[in-house]
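Take a look at this single chain, the form predicted alone, given in structure tokens.
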Amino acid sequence: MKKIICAVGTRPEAIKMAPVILALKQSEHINCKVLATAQHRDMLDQVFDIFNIVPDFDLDIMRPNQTLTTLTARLLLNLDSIFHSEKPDAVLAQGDTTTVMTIAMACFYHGIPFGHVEAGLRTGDLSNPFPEEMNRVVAGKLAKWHFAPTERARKNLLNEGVDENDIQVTGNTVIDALHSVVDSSPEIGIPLDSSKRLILVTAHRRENFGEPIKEICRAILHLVEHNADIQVLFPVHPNPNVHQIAHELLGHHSQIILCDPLGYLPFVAAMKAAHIILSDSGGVQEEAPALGKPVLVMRHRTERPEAVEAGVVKLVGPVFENIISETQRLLDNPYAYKQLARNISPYGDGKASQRIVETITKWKI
């Protein structure tokens, strides 16, 4: 049997890797081990519980306010020990976090084949998003298998000189995960005013720390002050760069609910209940269109342009005037709303995990 380690560090990684892990564990040809770096501790554990995944290795790497340099160094040292003792035949990881970059580097140092799930996403600007763009470029340089979610991602890899035989367009595994839970009627667990239209907000990107997050909060405050029929639900990221500002600027308005980050199932329920979603999250850009929910992306650029091109996601940046004008347009103009809420999913058919497992199963050591 092939020993495959699936590495997971953050909640989004856990969501997107869960279908892959479960599919690998069902294969009689594969011994699948799960390595949790726990770059995000509590939020990671929530997803593991939902999908009944128990890590075989847990690095518990999270520390308050640690720098990227410290995180990277500690990850590499811990991974070196695990790979030396376990000697896996291959390692899989998803996305663009520091966990993924260091997994790719450690695999390279140990001569272990690395499979990059969600490969080929690019903005073309190493500093935007920071440090995610650099992380995925490094992972892409070191990968044996590139599991691209879309044809555009495949073309990005080809343009960087990746052999076409090493690329497989699988779709995005986040759609696999969404399909597995969306019909279970999850509940938000937070009382909402059903007479008001719900605006769901998420903001956590490092690139939006500082003045951009203040712009976002001011725009939210403006919207509730000028629209009595809306309610805002904002699960606030625990990072002090977000948490402190959000509570200072938004914590005292009756139409705004600030809460701790929601678990995966409550968050899916919140997306289903939302009228409009304002977010700087990559995963939300993929999930919400599949639920028919319009998304205004509070970033200047996105590595997920497919939904923008399909007309179900719109970039507004972390810009006060843009957030207000585009949100107000969706609130006031039924035709504009209908155009952006068309239940289009450009990111796959829910079978990405099966395709990944088929590739790994056919591979000869």
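All residue numbers are counted from 1 along the displayed sequence. Small disclaimer: the values here were computed from a predicted structure and weren't measured.
Missing here is the form predicted in complex with a small molecule; even so, the following discussion is about that form.
- Stretch-level contact check against the small molecule in the predicted complex with heavy atoms at 4.5 Å: of 213 to 221, 152 to 160, 236 to 244, 183 to 191, the positive one is 236 to 244.
- This chain lacks the partner; the member of Gln231, Thr98, Asn208, Asn78 within 4.5 angstroms of the small molecule in the predicted complex by a non-hydrogen atom is Thr98.
- Among Pro88, Gly140, Gly171, Pro131, the residue placing a heavy atom within 4.5 Å of the small molecule in the predicted complex is Pro131.
- Here the marked residues Lys33, Ala106 and Pro113 all miss the small molecule in the predicted complex; none has a heavy atom within 4.5 angstroms.
- For Pro12, a non-hydrogen atom is located within 4.5 Å of the small molecule in the predicted complex, even though that partner is not displayed.
- In the predicted complex, at least one heavy atom of Arg63 sits within 4.5 Å of a heavy atom of the small molecule.
- Among residues of the shown chain, Leu71 is one whose heavy atoms approach the small molecule to within 4.5 Å in the predicted complex.
- Contact between Lys293 and the small molecule in the predicted complex is not found at the 4.5 Å heavy atom cutoff.
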